[in-house]
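Single chain ahead, written as structure tokens, the form predicted on its own.
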Amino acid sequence: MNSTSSAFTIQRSLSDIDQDFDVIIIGGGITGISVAREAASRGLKTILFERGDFGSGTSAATTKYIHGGIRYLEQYDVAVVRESLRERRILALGAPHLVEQTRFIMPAWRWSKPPTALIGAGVLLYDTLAFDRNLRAPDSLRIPHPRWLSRSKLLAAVPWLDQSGLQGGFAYHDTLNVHPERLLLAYAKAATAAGAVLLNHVRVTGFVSTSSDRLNIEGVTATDVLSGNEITIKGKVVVNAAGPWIDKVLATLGQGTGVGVDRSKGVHILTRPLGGPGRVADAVFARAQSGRHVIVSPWMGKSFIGPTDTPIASDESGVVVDPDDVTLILDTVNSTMAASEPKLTTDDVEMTTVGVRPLIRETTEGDDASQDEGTYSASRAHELYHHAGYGVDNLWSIGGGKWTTGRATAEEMVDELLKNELQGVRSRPFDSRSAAAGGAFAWAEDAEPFITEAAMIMNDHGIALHIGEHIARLYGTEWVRIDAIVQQNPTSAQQLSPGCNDIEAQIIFAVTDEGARTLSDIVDRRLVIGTIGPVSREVLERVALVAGPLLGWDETAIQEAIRREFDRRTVIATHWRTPVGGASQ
């Protein structure tokens, strides 16, 4: 079944790409997608290649916040914090249906390091740097000033905290990125609506170049991972936005480019809700006496806890969650809990996520990069590398950065392209600071009235109210596309699982309009079901039976896809539950 046409459709086809481009982008995380949106919206012919699925790497493995990074103040990274706070507001105004303002609590104990007074000074500076936080914000997105909570008020809000030496806590707000996968897709769709070509599951294998005394980049070669087909694309300039792997992309050049990348593994776990089910909880910045911290966030009725921040080897591939990663998070949060509170164990962990952060390498003589002195304290700033200084023309790389500042990085990147390689190329004005994401109901307006109205209309068409609200929050104005599918095929309104509000119509939309090509694309990054806990084989079978015919799979291919995806998920879940040495728990 096909839905009607959409301005935000992501069409994945290699057969009709027959033009030269102004900008070729390597990498479909938030940075690459933001560059594609910025470039295409300014009228530049743009194409993006992603070796996996859009946002399937680091961008999907976040703490789920658009935030200023209050802890970066400990490293005196004021410029990054200010930029992030500015971008926090811009991203929230651009997609109000996909964000929520969340109160953070930073407890203060007598032993706290930094001490309570210094924590307070940091919170005050954080608030000061966010001086424009409510500029043009609707009531639902307005952020209040921070305040001090007495010990009793803190424990009323967070009863599971260790009371020994507890003095109180500072309450401030940051913005919950409710479903990072959907927000990234919203910006991807804005890019395609502006004319960008986005290709997932297509790996760039090399550069097209000519050389004399300098290397002149003229395009890239790429391989469709799913079909094996190869293509060559020409372009005026290439932007390497491969995140943690920008140096791997550059290695195919066979010469130095002046880029250094450190990689940090960030793991999160999803557990039973601390404080008990049904509690309207705050996010807690839980810092242990060891100095380590985790964020304990209320999310989808559970607790989402992390991250770790551990360096990984530069040649490490297939990064996975290890048992030690889970133990580190559990030990950290448990050490901040009251003695009377049941401690978290691996039995409470429903699933894990892992991402690799790209960090700008700061090399010093005799540097020993431990977690506490290396990647943990490394700057989250971004840097634009123009490789012309190393004898390579028409090539840039983007190093470092974070989810929150992806738009700002893209704006700066395209400004530089128009000053250099694309000088004289026809372009048009575009202000991404006041542009809505694809599917947003309205820029800088409260989404709730739109969501309520959409849910009521869907309810008239046989979609339960709570499911209609779920769909409207995920898809914004594109709820009408899901609704149309249900009207054509009423059975597609069936829920995939009792514990999740996703329905079969979303599978159809994921394939026909959102570029999904694998079961993981669908369950992990188009729907919600793959992010809220283990996915059963039965659910995978239901997804495959709906998606398979749309993807051209026969019965054998459908069964093989189910087997591979179920096995992949089983291996991931088994690995972090298996102690080193293979002993049973």
Ligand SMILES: Cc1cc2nc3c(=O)[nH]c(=O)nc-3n(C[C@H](O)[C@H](O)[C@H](O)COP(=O)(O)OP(=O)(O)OC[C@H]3O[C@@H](n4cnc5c(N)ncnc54)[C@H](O)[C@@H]3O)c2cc1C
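Since the structure is predicted, the reported quantities are computational estimates derived from the model, not experimental observations. A residue's number is simply how far along the shown sequence it sits, counting from 1.
The following text describes the form predicted in complex with this ligand, which does not appear among the structures shown.
*Asks:* Taking 300, 468 and 528 as the candidate spot, are all three within 4.5 angstroms of this ligand in the predicted complex by heavy atoms?
*Replies:* The answer is no: none of the three residues contacts the partner (heavy atom, 4.5 Å cut-off).
*Asks:* So which of 486, 202, 329, 196 gets a non-hydrogen atom within 4.5 Å of this ligand in the predicted complex?
*Replies:* Only one listed residue qualifies here, and that residue is 202.
*Asks:* Among the candidate residues 268, 88, 387, 263, which is the single one with a non-hydrogen atom no more than 4.5 Å from this ligand in the predicted complex?
*Replies:* Going through each option in turn, the one that passes is 268.
*Asks:* Quick one: does residue 64 come within 4.5 Å of this ligand in the predicted complex, counting heavy atoms only?
*Replies:* Because a heavy atom of residue 64 falls inside 4.5 Å of this ligand in the predicted complex, the answer is yes.
*Asks:* Give a yes or no for residue 319: in the predicted complex, does one of its heavy atoms lie within 4.5 Å of a heavy atom belonging to this ligand?
*Replies:* Judged by the heavy-atom cut-off of 4.5 Å, residue 319 is well away from this ligand in the predicted complex.
*Asks:* Does at least one non-hydrogen atom of residue 516 fall within 4.5 angstroms of this ligand in the predicted complex?
*Replies:* Contact check for residue 516: no, nothing within 4.5 Å of this ligand in the predicted complex.
*Asks:* So, residue 46 and this ligand: in the predicted complex, are they within 4.5 Å at any heavy atom pair?
*Replies:* Flag for residue 46 set to no.
*Asks:* So if I measure heavy atom distances to this ligand in the predicted complex, which of the stretches 64-72, 551-559, 518-526, 538-546 falls within 4.5 Å?
*Replies:* That would be stretch 64-72.
*Asks:* Just to make sure I understand: among 18-35, which residues lie within 4.5 Å of this ligand in the predicted complex, judging by heavy atoms?
*Replies:* Sequence-ordered list: 26, 27, 28, 29, 30, 31, 32.
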